[in-house]
Ligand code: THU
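So this first bit is one chain, no partners, the form predicted on its own, shown in structure tokens.
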Amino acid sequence: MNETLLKQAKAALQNAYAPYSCFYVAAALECADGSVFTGVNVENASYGATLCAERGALAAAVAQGKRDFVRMLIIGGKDGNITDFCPPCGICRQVLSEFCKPNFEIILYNGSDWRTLTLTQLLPEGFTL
């Protein structure tokens, strides 16, 4: 399944909008029903208005009524070159914790190696109500 998610993330990566950082990110989110939603980072001159790829993919899935998620693959790098692992930022980790179970898998790919972590590993003391 990693290869399928990677293929979709790579296809989306070219659509990232990163004129300020030149750091392109794409995410592919797999739902429990097997459907996949992708997202890319969309930067803004007002940096706080920037949308991360992970939240973009999650928002697209939620907008289609999805609520049960299995895993997310994230890739990224300077000028769209995948050269290192690209873990989600703190805000994305918190947003994922709103919808995903503690064992939700986050798969990182650096161009040659894989790293798989759970949401709990990345956000051990996440805020919940």
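So that there is no doubt, residue numbering starts at 1 and follows the sequence shown. Since the structure is predicted, the reported quantities are computational estimates derived from the model, not experimental observations.
Another form, the form predicted together with the ligand, is not on view; read the next lines as being about it.
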{"property": "Contact label in the predicted bound form: residue 50 to the ligand, heavy atom within 4.5 Å", "result": "yes"}
{"property": "The ligand contact in the predicted bound form: residue 92, any heavy atom under 4.5 Å", "result": "yes"}
{"property": "Partner proximity in the predicted bound form: residue 87 to the ligand, non-hydrogen atom cutoff 4.5 Å", "result": "yes"}
{"property": "Exercise: residue 41 in contact with the ligand in the predicted bound form, heavy atom 4.5 Å", "result": "yes"}
{"property": "Stretch in contact in the predicted bound form with the ligand, which is absent here, among 7-15, 21-29, 101-109, 116-124 (heavy atoms within 4.5 Å)", "result": "21-29"}
